[in-house]
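Listed next as C-alpha coordinates is one chain, alone, in the form predicted on its own.
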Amino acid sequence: MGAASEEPTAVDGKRRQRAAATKEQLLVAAREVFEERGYQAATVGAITKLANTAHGTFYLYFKNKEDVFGEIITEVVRELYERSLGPFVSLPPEGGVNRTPDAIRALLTVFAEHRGLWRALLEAVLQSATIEQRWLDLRRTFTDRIMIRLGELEAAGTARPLDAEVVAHALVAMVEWFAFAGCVFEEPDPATIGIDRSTAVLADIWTRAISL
(Lines give C-alpha, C1' and ligand atoms only; values in the text may rest on other atoms or scores of the structure.)
Protein backbone atom coordinates (compact mmCIF):
# COMPACT_ATOMS: atom_id res chain seq x y z
CA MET A 1 0.00 0.00 0.00
CA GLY A 2 2.86 2.31 0.81
CA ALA A 3 4.44 1.71 -2.62
CA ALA A 4 1.11 2.38 -4.35
CA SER A 5 0.69 5.68 -2.52
CA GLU A 6 4.18 6.76 -3.57
CA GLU A 7 3.75 5.89 -7.24
CA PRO A 8 1.74 9.01 -8.28
CA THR A 9 4.33 11.24 -6.64
CA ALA A 10 7.15 9.58 -8.55
CA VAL A 11 5.24 9.80 -11.82
CA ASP A 12 4.41 13.46 -11.21
CA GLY A 13 8.05 14.14 -10.47
CA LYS A 14 9.16 12.60 -13.75
CA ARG A 15 6.53 14.57 -15.64
CA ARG A 16 7.73 17.80 -14.05
CA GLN A 17 11.31 16.94 -14.98
CA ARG A 18 10.33 16.26 -18.59
CA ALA A 19 8.32 19.46 -18.72
CA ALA A 20 11.22 21.47 -17.31
CA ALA A 21 13.61 19.89 -19.80
CA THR A 22 11.28 20.67 -22.70
CA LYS A 23 10.87 24.26 -21.60
CA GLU A 24 14.62 24.68 -21.26
CA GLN A 25 15.09 23.17 -24.72
CA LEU A 26 12.67 25.75 -26.14
CA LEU A 27 14.39 28.59 -24.27
CA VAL A 28 17.81 27.58 -25.61
CA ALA A 29 16.45 27.38 -29.14
CA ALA A 30 14.58 30.68 -28.79
CA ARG A 31 17.70 32.42 -27.57
CA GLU A 32 19.66 31.22 -30.57
CA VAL A 33 16.93 32.31 -32.97
CA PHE A 34 16.67 35.77 -31.40
CA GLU A 35 20.45 36.18 -31.43
CA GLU A 36 20.67 35.27 -35.12
CA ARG A 37 17.51 36.89 -36.47
CA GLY A 38 16.64 39.65 -34.03
CA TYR A 39 13.23 40.08 -32.44
CA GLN A 40 11.14 41.07 -35.43
CA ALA A 41 12.30 38.30 -37.77
CA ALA A 42 12.17 35.55 -35.15
CA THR A 43 9.18 33.19 -35.36
CA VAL A 44 7.68 30.51 -33.17
CA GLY A 45 8.09 28.11 -36.08
CA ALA A 46 11.83 28.75 -36.24
CA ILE A 47 12.10 28.17 -32.50
CA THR A 48 10.22 24.88 -32.48
CA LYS A 49 12.10 23.64 -35.53
CA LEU A 50 15.45 24.31 -33.87
CA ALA A 51 14.21 22.76 -30.61
CA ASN A 52 12.91 19.74 -32.55
CA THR A 53 9.51 20.00 -30.88
CA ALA A 54 5.97 20.17 -32.20
CA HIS A 55 4.65 23.65 -32.93
CA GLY A 56 1.84 23.21 -30.43
CA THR A 57 4.26 22.22 -27.68
CA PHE A 58 5.56 25.79 -27.59
CA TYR A 59 2.18 27.06 -26.41
CA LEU A 60 2.17 24.72 -23.44
CA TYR A 61 4.94 26.85 -21.96
CA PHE A 62 4.69 30.29 -23.55
CA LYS A 63 1.86 32.50 -24.74
CA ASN A 64 3.71 33.80 -27.79
CA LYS A 65 7.05 35.09 -29.07
CA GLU A 66 6.84 38.11 -26.78
CA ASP A 67 6.45 35.86 -23.74
CA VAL A 68 9.48 33.68 -24.43
CA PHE A 69 11.65 36.67 -25.28
CA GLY A 70 10.60 38.30 -22.03
CA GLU A 71 11.89 35.33 -20.06
CA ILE A 72 15.19 35.30 -21.94
CA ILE A 73 15.90 38.99 -21.64
CA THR A 74 14.90 39.05 -17.96
CA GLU A 75 17.53 36.41 -17.23
CA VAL A 76 20.23 38.25 -19.19
CA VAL A 77 19.46 41.71 -17.79
CA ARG A 78 19.43 40.36 -14.25
CA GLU A 79 22.83 38.79 -14.87
CA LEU A 80 24.04 42.11 -16.26
CA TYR A 81 23.03 44.12 -13.24
CA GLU A 82 23.87 41.51 -10.60
CA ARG A 83 27.44 41.13 -11.85
CA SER A 84 28.06 44.86 -12.03
CA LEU A 85 25.89 46.19 -9.20
CA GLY A 86 28.03 44.83 -6.37
CA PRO A 87 31.16 46.78 -7.27
CA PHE A 88 29.15 49.91 -8.12
CA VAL A 89 27.43 50.12 -4.76
CA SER A 90 30.65 49.43 -2.86
CA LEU A 91 32.34 52.53 -4.31
CA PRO A 92 34.60 53.15 -2.50
CA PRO A 93 34.88 50.30 0.03
CA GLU A 94 36.94 50.54 3.19
CA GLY A 95 40.49 51.39 2.33
CA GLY A 96 39.49 53.83 -0.39
CA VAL A 97 39.89 51.42 -3.31
CA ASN A 98 37.86 52.58 -6.28
CA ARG A 99 35.98 49.56 -7.64
CA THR A 100 34.19 51.45 -10.40
CA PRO A 101 36.50 49.90 -13.04
CA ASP A 102 35.55 46.41 -11.80
CA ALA A 103 31.86 47.21 -12.16
CA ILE A 104 32.18 48.75 -15.61
CA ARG A 105 34.35 45.89 -16.84
CA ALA A 106 31.73 43.41 -15.60
CA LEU A 107 28.95 45.28 -17.40
CA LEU A 108 30.86 45.50 -20.67
CA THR A 109 31.78 41.82 -20.39
CA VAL A 110 28.16 40.73 -19.98
CA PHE A 111 27.16 42.84 -22.98
CA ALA A 112 29.87 41.20 -25.08
CA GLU A 113 28.86 37.71 -23.94
CA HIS A 114 25.26 38.27 -25.08
CA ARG A 115 25.91 40.54 -28.04
CA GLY A 116 23.28 39.03 -30.31
CA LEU A 117 20.45 39.71 -27.86
CA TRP A 118 20.90 43.47 -27.54
CA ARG A 119 19.76 44.25 -31.07
CA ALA A 120 16.76 42.03 -30.43
CA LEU A 121 16.05 43.95 -27.23
CA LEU A 122 16.22 47.29 -29.02
CA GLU A 123 13.74 45.99 -31.58
CA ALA A 124 11.48 44.48 -28.93
CA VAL A 125 11.14 47.55 -26.70
CA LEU A 126 9.97 49.56 -29.72
CA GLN A 127 7.38 46.93 -30.68
CA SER A 128 6.15 45.56 -27.37
CA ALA A 129 4.92 47.64 -24.45
CA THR A 130 5.22 44.52 -22.28
CA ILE A 131 8.89 44.00 -23.07
CA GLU A 132 9.55 47.71 -22.67
CA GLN A 133 8.01 47.74 -19.20
CA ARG A 134 9.80 44.58 -18.14
CA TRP A 135 13.16 46.01 -19.20
CA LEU A 136 12.49 49.37 -17.51
CA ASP A 137 11.48 47.64 -14.27
CA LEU A 138 14.71 45.63 -14.26
CA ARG A 139 16.76 48.69 -15.14
CA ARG A 140 15.08 50.77 -12.43
CA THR A 141 16.32 48.38 -9.77
CA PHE A 142 19.85 49.24 -10.84
CA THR A 143 19.46 53.02 -11.14
CA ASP A 144 17.59 53.20 -7.83
CA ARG A 145 20.42 51.40 -6.04
CA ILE A 146 23.00 53.72 -7.58
CA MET A 147 20.91 56.72 -6.50
CA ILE A 148 20.82 55.42 -2.93
CA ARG A 149 24.56 54.80 -2.98
CA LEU A 150 25.30 58.30 -4.21
CA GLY A 151 23.33 59.65 -1.26
CA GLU A 152 25.32 57.44 1.10
CA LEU A 153 28.61 58.67 -0.35
CA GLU A 154 27.55 62.29 -0.08
CA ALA A 155 26.50 61.77 3.55
CA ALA A 156 29.87 60.15 4.26
CA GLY A 157 31.70 63.09 2.74
CA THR A 158 33.28 61.08 -0.07
CA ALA A 159 31.16 62.51 -2.90
CA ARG A 160 30.14 66.07 -3.68
CA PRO A 161 26.52 67.22 -3.31
CA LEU A 162 24.57 65.96 -6.33
CA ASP A 163 21.08 65.53 -7.67
CA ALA A 164 21.39 61.80 -7.01
CA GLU A 165 18.39 60.75 -9.08
CA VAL A 166 19.46 62.56 -12.25
CA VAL A 167 23.13 61.67 -11.83
CA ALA A 168 22.34 57.98 -11.30
CA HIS A 169 20.30 57.84 -14.50
CA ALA A 170 22.91 59.81 -16.44
CA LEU A 171 25.84 57.66 -15.37
CA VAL A 172 24.03 54.39 -15.95
CA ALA A 173 22.85 55.59 -19.36
CA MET A 174 26.41 56.56 -20.29
CA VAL A 175 27.82 53.10 -19.65
CA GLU A 176 24.74 51.26 -20.85
CA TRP A 177 24.44 53.04 -24.19
CA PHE A 178 28.18 52.88 -24.79
CA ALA A 179 27.87 49.10 -24.49
CA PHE A 180 24.69 48.99 -26.59
CA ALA A 181 26.21 51.03 -29.41
CA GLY A 182 29.39 48.99 -29.41
CA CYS A 183 27.67 45.61 -29.40
CA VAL A 184 24.84 46.43 -31.81
CA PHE A 185 26.38 48.96 -34.18
CA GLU A 186 30.11 48.42 -33.52
CA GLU A 187 30.43 52.13 -32.88
CA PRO A 188 33.00 52.34 -31.49
CA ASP A 189 34.15 48.89 -32.53
CA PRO A 190 34.85 46.90 -29.32
CA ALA A 191 37.43 44.81 -31.15
CA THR A 192 39.40 47.94 -32.01
CA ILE A 193 39.32 49.89 -28.76
CA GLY A 194 39.30 46.90 -26.42
CA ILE A 195 37.71 46.41 -23.03
CA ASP A 196 40.70 47.76 -21.07
CA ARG A 197 40.63 51.13 -22.80
CA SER A 198 36.85 51.39 -22.60
CA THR A 199 36.81 50.48 -18.92
CA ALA A 200 39.53 52.98 -18.02
CA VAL A 201 37.87 55.93 -19.77
CA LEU A 202 34.33 55.23 -18.56
CA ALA A 203 35.50 54.66 -14.99
CA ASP A 204 37.46 57.92 -15.08
CA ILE A 205 34.39 59.87 -16.25
CA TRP A 206 32.18 58.18 -13.63
CA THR A 207 34.61 58.84 -10.78
CA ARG A 208 35.27 62.46 -11.75
CA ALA A 209 31.56 63.13 -12.01
CA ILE A 210 30.90 62.40 -8.34
CA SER A 211 34.26 63.10 -6.70
CA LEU A 212 34.84 66.00 -4.34
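Numbering starts at 1 and runs along the sequence shown. Remember, it's a predicted structure, so these values are computed and weren't measured experimentally.
Note that the form predicted together with the DNA isn't included here; everything after this is about it.
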{"property": "Candidate stretches 166 to 174, 151 to 159, 179 to 187, 59 to 67 - the one whose heavy atoms come within 4.5 Å of the DNA in the predicted complex", "result": "59 to 67"}
{"property": "Touches the DNA in the predicted complex: residue 28 (any heavy atom, 4.5 Å)", "result": "no"}
{"property": "4.5 angstroms heavy atom contact with the DNA in the predicted complex for residue 22", "result": "yes"}
{"property": "Proximity of residue 55 to the DNA in the predicted complex, heavy atoms at 4.5 Å", "result": "yes"}
{"property": "4.5 Å heavy atom contact, residue 197 and the DNA in the predicted complex", "result": "no"}
